[in-house]
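Take a look at this single chain, the form predicted alone, given in structure tokens.
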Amino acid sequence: MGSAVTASTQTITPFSYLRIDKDASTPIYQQIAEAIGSLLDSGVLPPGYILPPERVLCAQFGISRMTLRQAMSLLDREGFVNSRRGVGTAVTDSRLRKQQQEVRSFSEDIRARGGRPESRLISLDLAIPTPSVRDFFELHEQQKVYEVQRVRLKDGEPLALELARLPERLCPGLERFDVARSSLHEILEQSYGLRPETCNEEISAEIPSPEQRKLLSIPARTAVLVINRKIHMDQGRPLEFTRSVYRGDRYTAVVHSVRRSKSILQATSS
């Protein structure tokens, strides 16, 4: 079973009661992130509370600074804490944290909007990536990526043209799966153990090309909404680089923005 965490000082803090199991299969950094996350999510510590210094937590858990920083990085990406150099790691406001947008696939997004998602596969190829894609995945010059191009439909109507790129080294043999009938994210998670954690999106409006207009049945004088998504796994590892072209007359991008709590803003400006 888990071994009790020994405190580095005689002061009893909420962190003194946290436990980890160094013999468990779950990585230690993940155990620490989950333990601290549960503590923060319970509201024991108020928004703006500055966590103990690294040296104190490392001594308390009996771990290296690298392991602790992995745990804190995970908590930061999930919105539990906000780390700033020279200031420390502060607890975020839980009310704001719950408003942050989830990383959703096309299928999950359409279901959440009350629709029925479908896909039509155009191509699935192995290719040498462009320089920008290669840099994102940190690949060598001859390493390839899968390029999965699909028409995405809502209730039988073409809605988006999607080009997803994934490193071959992460999902070898991807072509054996039916990516037209199955969710790509479900395949990655269930068959390769690859789980999306964070996503950055760039959204812009463009004039559709003749091919895009034909594939999506776009009416004349209608623009498209282009969304470039960069998806990462745990520890910031790149997983997917996707460009999606949506019909401007059928799709609206919904972005949930949050404002950090006043205490954190004051801390970062001091």
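These numbers come from a predicted model, not from an experiment. For every residue, the number given is its place in the sequence shown, counted from 1. Definition used throughout: the rigid core is the maximal C-alpha set that superposes within 1.5 Å between two forms.
Beyond the structure shown, there is the form predicted together with the DNA, which is absent from this document and is the topic of what follows.
Chemist: So which stretch, 199 to 207, 24 to 32, 38 to 46, 221 to 229, is the one near the DNA in the predicted bound form (non-hydrogen atoms, 4.5 Å)?
Modeler: Flagged stretch: 24 to 32.
Chemist: Hey, in the predicted bound form, does Gly88 get a heavy atom within 4.5 angstroms of the DNA?
Modeler: Although the DNA is absent here, Gly88 would touch it in the predicted bound form, with heavy atoms inside 4.5 Å.
Chemist: Do Ser64 and the DNA come within 4.5 Å of each other in the predicted bound form, heavy atoms counted?
Modeler: Output for Ser64 is yes: heavy atoms within 4.5 Å of the DNA.
Chemist: Does the 4.5 Å heavy atom contact test between Lys214 and the DNA in the predicted bound form come out positive?
Modeler: Result no; Lys214 lies far from the DNA in the predicted bound form.
Chemist: Check whether Pro52 has any heavy atom within 4.5 Å of a heavy atom of the DNA in the predicted bound form, and answer yes or no.
Modeler: Contact with the DNA, yes.
Chemist: Considering non-hydrogen atoms and a 4.5 Å limit, which listed residue (Thr130, Ser182, Ser83, Ser191) is close to the DNA in the predicted bound form?
Modeler: Checking each option against the DNA in the predicted bound form, the one that comes within 4.5 Å is Ser83.
Chemist: Does Val226 move its CA by 2 angstroms or more between the shown form and the other one when the core is aligned?
Modeler: No, the C-alpha position differs by under 2 Å between the shown form and the other one.
Chemist: Superposing on the rigid core, I want to see if Glu157 changes position between the shown form and the other one - specifically a Cα shift of 2 Å or more.
Modeler: Result for Glu157: no, shift under 2 Å.
Chemist: After fitting the rigid core, is the C-alpha of Gln31 off by 2 Å or more between the shown form and the other one?
Modeler: Yes, shifts by 2 Å or more.
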